[in-house]
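For this one, two forms of the same chain are given in structure tokens, first as structure 1 and then as structure 2.
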Structure 1
């Protein structure tokens, strides 16, 4: 990894941490964006707590999306489950077909206000990239490797766990990272149904015509998304090892 890129990432992380822990230190930067004595820094809640709450919701939704999407991907790439591919594609496309706001509108009457409808919306929205990457990863395993695994006496289950999934892991993780980044931004709409998150800052800015609040919410959300994607990519590079048939 180039040193310059590392410096930029560390600087972005330091900026995010500094703003979340000591936001009032940045008041002079945002003061020109306010009018009529409005506060330059969001003061109706703790920014760090809001950011952690949003991140927690996103990660919980991503865990559920990953479990379901990867499971469906495995099912439809097996001979016994291939017939369910059209149905599975239809199901995972629902989250992308209907905007998260529409999903929230349907979910609120069923589960009430708060985190639950936001989790449902993010879960549905995050299925497609993970599912499609799982399909591509499992379908593009080299035939020679699969034949070698079968020649070694591996059962279908052993071949899946020891060969196919390890080979497909980079693509699956790429889908999960993409889903996470999309949902970090999407999660801000959860504040419209009383879910905790940085969307509160943006909504407060819109209601009070405070550009400083809107910019703060947007910048913090953007930094979180970029750093999360970058951090997961770095972790993947460290954890993944070449697959061997020992």
Structure 2
């Protein structure tokens, strides 16, 4: 069973790479979807460059939001920041009711068109799942474990670094993964504000009623999102595999 999953994973990755590097070889597949001799494969830009640009934007935003969200999560779970905890939890709840598109739309007037509003929207929207998971992870450490850690003479820092964060890591990583996937999707909408990415392909398709464009843009983005999610999950399993002494 795990063998089969690996095969599917590798096949999906191969498909993505093949499509991005040699898109024209897929032309016959998409040709039936076009009308009046429209091009079956996106021809107004390099698919690989677009995909990499989108991936770059997404990862940059995710890195920034991970840093801030995990930092904030640590801060409000320390005794000195405890009074901000109830407020931050309420804000997380409220924040999740903001649609990413609205965040994107509101960011445009602030910073203009291009990558920037997309980065801001992705950053802002990515904060929430990571922050929430960091909070849950840090707050659900068993009290007996924390008590034992202090009782054995760990300093607050040692306790955080060698007990609390390791215990919260699976949840934090899941939050990061979740926000990455949401971000890949939202980044396509970023193309409406002129951010470089595969959204461009979809929007070109929508504007020229070229279903082939829409389909390849959507499929590529979806593939990217799934592979990212799945790859991170695999990485997580490897990283978190318990280490033994011998």
Partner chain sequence: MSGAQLRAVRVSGASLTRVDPLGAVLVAAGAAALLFLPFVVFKSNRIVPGDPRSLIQVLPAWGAFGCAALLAMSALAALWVTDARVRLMLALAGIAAVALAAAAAGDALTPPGDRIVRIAPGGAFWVLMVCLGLFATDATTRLKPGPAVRVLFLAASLALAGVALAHGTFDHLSVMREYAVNAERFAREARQHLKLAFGSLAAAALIGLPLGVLCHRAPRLRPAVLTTLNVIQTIPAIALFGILMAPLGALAAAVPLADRLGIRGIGAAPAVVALFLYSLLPIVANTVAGLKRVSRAAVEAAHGMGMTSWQVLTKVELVLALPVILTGVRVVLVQNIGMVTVAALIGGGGLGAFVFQGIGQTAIDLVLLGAIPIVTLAFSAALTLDALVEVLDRVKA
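Numbering follows the first chain given and starts at 1. Because the structure is predicted, anything quoted here is derived from the model rather than measured. In this text, rigid core is short for the largest set of C-alphas that superpose within 1.5 Å between two forms.
Both panels show the same chain in isolation, but it is structure 1 that comes from the form predicted on its own. The rigid-core alignment places the CA of residue 120 less than 2 Å apart between structures 1 and 2. A C-alpha shift of 2.9 Å is found for residue 109 between structures 1 and 2, based on superposition of the rigid core.
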